[in-house]
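Single chain ahead, written as structure tokens, the form predicted on its own.
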Amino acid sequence: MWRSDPKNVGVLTEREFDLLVDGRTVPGVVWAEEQVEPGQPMVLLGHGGTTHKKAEYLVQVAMLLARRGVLAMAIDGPGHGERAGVHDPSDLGAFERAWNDGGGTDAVIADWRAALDFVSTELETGRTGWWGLSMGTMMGLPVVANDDRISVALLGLMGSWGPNGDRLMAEAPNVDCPVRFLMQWDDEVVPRDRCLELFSTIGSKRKTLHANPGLHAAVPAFEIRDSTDYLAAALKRRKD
């Protein structure tokens, strides 16, 4: 349910909600630039590991989308944000425990499906896309593979690696919407070959790989900006 009336956060209007999903409380947020119009497209934002639904970079992505007439929605992933929180990026053991204690991949799919059900019904939203890197792809790829309401996706910084690496590889062939995949050639967290392996397994016939030099968190600003152009254009087309 909605927590309160919308509030202004910079140029964005922000509205928070809480859902009860299989006994789990799932907190979320929706951002828009102006009053929401019926049929307005929306992008689901998956945050990275050790961050949360209101991480600064996600708010920036939401702002870029809002300027393009697209809503943005995010929830806290398992063990993150208001659902406890992992704070040390170097503690991969804590990260994996948080993921598994939160129910793992099946719970993540259920949480996002419930959030999309709620927001799309309440706000009468239109076509839906996904934006998520690193843990945002750990969450996003299975969601995209299992929910045909998502018609385009931005994924990346992830591979056949981590707590659900095997599940990602199993789900990837079921992704059939257009996909842009970002990777960092010198990624010190997710091995390069694991990223390439996951990208090659994605089933979509319309997929592109954008690789840039640099470490895991050094995705160029132009890639972030261009990714919102890519999603907005795809969501506003009448047909894929």
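These numbers come from a predicted model, not from an experiment. One rule holds for the numbers: they count along the sequence shown, beginning at 1.
Keep in mind that the form predicted together with a further copy of the same chain is not shown, yet the notes after this line are about it.
- Screening 63, 209, 189, 55 for any heavy atom within 4.5 Å of a further copy of the same chain in the model of the complex leaves a single hit, 209.
- Interface membership of residue 205, defined by any non-hydrogen atom within 4.5 Å of a further copy of the same chain in the model of the complex, is confirmed.
- Residue 213 belongs to the set of residues with a heavy atom inside 4.5 Å of a further copy of the same chain in the model of the complex.
- In the model of the complex, a further copy of the same chain lies within 4.5 Å of some heavy atom of residue 200.
- Although the partner is absent here, residue 16 is not a contact residue: none of its heavy atoms lies within 4.5 angstroms of a further copy of the same chain in the model of the complex.
- Residues of just one listed stretch (47-55, 64-72, 192-200, 31-39) have heavy atoms within 4.5 Å of a further copy of the same chain in the model of the complex: 192-200.
- Contact annotation for 171-187: a single residue, 185, has a non-hydrogen atom within 4.5 angstroms of a further copy of the same chain in the model of the complex.
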